[in-house]
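Single chain ahead, written as structure tokens, the form predicted alone.
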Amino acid sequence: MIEIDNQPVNATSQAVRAGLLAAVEAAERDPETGAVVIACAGRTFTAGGDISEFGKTPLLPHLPVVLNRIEAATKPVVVAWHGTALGGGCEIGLAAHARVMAADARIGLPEVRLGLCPGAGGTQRLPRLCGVVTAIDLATSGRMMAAEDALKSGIVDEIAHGDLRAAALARATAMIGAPLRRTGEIPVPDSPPDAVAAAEARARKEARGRIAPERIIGLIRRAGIVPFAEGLAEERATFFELMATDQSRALRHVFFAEREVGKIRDIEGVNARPISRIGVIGAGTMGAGIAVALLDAGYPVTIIETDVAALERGRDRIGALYDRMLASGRLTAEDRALRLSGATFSAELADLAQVDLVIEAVFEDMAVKKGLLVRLEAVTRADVILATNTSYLDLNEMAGVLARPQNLVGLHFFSPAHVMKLLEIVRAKRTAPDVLASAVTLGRRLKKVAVVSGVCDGFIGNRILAKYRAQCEFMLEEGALPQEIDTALETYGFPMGPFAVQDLAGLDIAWARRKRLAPTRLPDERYVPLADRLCELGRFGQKTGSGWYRYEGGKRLVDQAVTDLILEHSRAIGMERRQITPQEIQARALAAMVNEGARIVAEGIACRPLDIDIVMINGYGYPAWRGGPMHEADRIGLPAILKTLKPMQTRDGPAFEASALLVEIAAEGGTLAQLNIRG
């Protein structure tokens, strides 16, 4: 038995690689050893490479050398997969002569998420076991595969429902003296051309500008054409080529940034308040999603609505969310029942008397929220954490009505709350350190990417979104059309352009906010009323069949009426329209995001530029392979951002005046990344 013990995730560090190679060679030399089982200590099999080695020249021995030696062994080598066997951990198993998997284990090749291809034989061994179609799906998506699926696909030889190591030892013992099945010697099975073409099409559609999936497809196809050794060499060369690309650098930045955002210097060592039972007020779309996210994490949840009818609608809404998970196979009937058993429904605030945290998800109105918070404070314990799901409103003003303002924190979930990874945690001026620490801990338990924000209108994400959308609307006045802007930004890497997103979300929601803020708008502020005009016409987006576009049969169609509305508006304000190229659209949108992001960092609303990147990627569809707007600004150079901003300042007024921080860093020849050491 060879055991890898490099916890917590048993990463394939240089010491592990060297130790594994030495152990396999020692087993080969030992006359008393008839077979070998490779297992891991702790909660998981090897879950990938050592992140401290990412982006650096690998140290000897290289993992492919170790795995080739395993495959070439003259004695049976069986791997015992448990937990998650990812990346190099999966490839160790592919190089073994047999694989035994725990019933609850999962495997995967997630290198594509770092802009890479598997680098230790994954693209060459995997299709020999499971065929080209499954190999393309796994390696280009980075998804994890469960044990039953791995068995059906041919990747795994046996599922151990009892003692994993005993099962692996039994299989290894039974293989002694028998011919060994070396993966590299297995021919790639034939696959129906139509199925291969469909798998490639799916991968390319999901890639949305990423280059690694296409390279992976090519390598997997080569596995059935070239000799095994040649395929390994091509894979290794491709791995290092991809490692040197801007996309891989960006994705590695995101990988590390998502681990950094939760590190807040001024709450280090602060003990979080214990949270065992949670209340959610409001069971509309957002409240139901929040409740499901909490139930999925194992929390007992009390859901409160204003009356019995609203409560029943909320109960049905939560049940429907679980029904969809059940229908899609993401959940078993037993799991559905177990999670729903944690939900209690009530129309009485008094039933929250013993909860540790209350999250309100009621109508986005300051008076409504303040009134509710006062009533909550009267019926809950003195140490209860009160959280608001507001996406814009001033938490400091809310805290002003509380006897214990230190207990208030913002938990801004993104819809659908049980799916979206981002959680903005908003710290008010008087939020207690242990309350903030509790919110960060909750975010981790919910498996969210939690980013701490200070208080301002829109916090981090919506504040940047407002500037981004404004710039896009200015371009409508100047010469572009919605479909041209959407296409340019979808080409840039966004899943949807800003006008298609508005139609999806509903134009009436933002319209209500604009009307609320109208009295505070500066007289000389540039304002584009086109969205208001659409709303006045009852065009609220997809839900009404028309918005910036017309919708028929589920298809988004360009609407001449909208084009005419835009052209007439430009004439009315005396704007001479001109052609705006996709490159200008992309540059101005990026500059607007970067400039506002720099202001947010300078004001201390966000701790670091990387916080901006993570918010925009996880909440607003910014392409992860570009690393986020702040990372992208460093890549193309801050002088280029300032050059784009210069005409925007005169055309668009003070709203797009260059951030002093941006100007200062550019003048010094520095980068925004230098500020990421702040926490």
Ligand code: 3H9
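In this text, all values refer to a predicted model and were calculated from it rather than measured experimentally. Start at 1 with the first residue shown and count on from there.
Keep in mind that the form predicted in complex with the named molecule is missing from the display, and what follows is about it.
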(request) Given the named molecule in the predicted bound form, answer whether the residues Ala47, Pro110 and Pro118 all have a heavy atom inside 4.5 Å of it. (result) yes
(request) May I ask you to choose, among Pro127, Gly597, Gly87, Gly547, the residue with a heavy atom within 4.5 Å of the named molecule in the predicted bound form? (result) Gly87
(message) Using a 4.5 Å heavy atom cut-off, which residue among Arg43, Arg651, Lys56, Lys643 comes into contact with the named molecule in the predicted bound form?
(response) Arg43
(message) Partner absent here, but in the predicted bound form, which of 293-301, 334-342, 576-584, 251-259 has residues with a heavy atom within 4.5 Å of the named molecule?
(response) 251-259
(message) Although the partner isn't part of this model, could you tell me whether Ala11 comes within 4.5 Å of the named molecule in the predicted bound form, counting any heavy atom of the residue?
(response) yes
(request) With heavy atoms only and a cut-off of 4.5 Å, decide whether Arg236 touches the named molecule in the predicted bound form. (result) yes
(message) At 4.5 Å between heavy atoms, is Met325 in contact with the named molecule in the predicted bound form?
(response) no
(message) Whether Met144 contacts the named molecule in the predicted bound form should be assessed with a 4.5 Å heavy atom distance threshold; does it?
(response) yes
